[in-house]
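One chain follows as structure tokens, the form predicted on its own.
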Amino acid sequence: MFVDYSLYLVTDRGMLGGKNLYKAVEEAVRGGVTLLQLREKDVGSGEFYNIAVEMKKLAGLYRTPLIINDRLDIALAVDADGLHIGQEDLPLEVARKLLGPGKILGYSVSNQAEAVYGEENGADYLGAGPVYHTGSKEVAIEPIGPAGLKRIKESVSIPVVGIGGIGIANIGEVKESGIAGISVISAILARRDIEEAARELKSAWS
């Protein structure tokens, strides 16, 4: 399956200031988001499942692939297009085996060794970062910067997506690293006009 990684939105309801999640995501997709990751760290399995069912319908309307963060069970239960896991989650090779060959598997990395491991053990793409300091979550890893991103990109043959603190002000130097796209949260969801924020980023990337 061809996947456009250029503008990858990760959800975070805490960024929405009370706005409806589905409406916000729909606006983002209309603005140019090409890939969607549902990330719900603070809800139970039942609620996550229900949100994922509705998000799958929405993503399907716009033919936007839906990736589930961390929860393989939810990804399988709603027949999502894929799963994204980090260094502390289920082992990558186990996730690959259980997810099956037809689904997208993403893996978070912050250096070349992790990137090479990811490619060798079944990841379809890598989320590399944090590129810059980010306010969306507590990260103990020092930012890798565009230079670190470029090194990771050059160490593998699968697509690499930059994540962490990326926005309209630094998108140019991120793109120069040669990666496949950017993953954002606050650069879209924390903006008053979500659709316009997505459109600006998409235009800047293109």
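We number the residues from 1 along the sequence you see. All figures in this text were calculated on a predicted structure; none of them were measured in a lab.
Omitted from view is the form predicted together with another copy of the chain, to which the following refers.
- Listed stretches are 64-72, 170-178, 149-157, 28-36; the contact stretch with another copy of the chain in the model of the complex is 64-72, by a heavy atom cutoff of 4.5 Å.
- In the model of the complex, another copy of the chain lies farther than 4.5 Å from every heavy atom of residue 120.
- Taking the partner from elsewhere, residue 94 is found to have a heavy atom lying within 4.5 Å of another copy of the chain in the model of the complex.
- Using a 4.5 Å cutoff between non-hydrogen atoms, residue 46 counts as a contact of another copy of the chain in the model of the complex.
- When another copy of the chain is considered in the model of the complex, residue 116 lies well away from it, no heavy atom lying within 4.5 Å.
- Although another copy of the chain is not shown here, in the model of the complex the stretch 78-103 places heavy atoms of 88, 89, 90, 91, 94, 98 within 4.5 Å of it, in sequence order.
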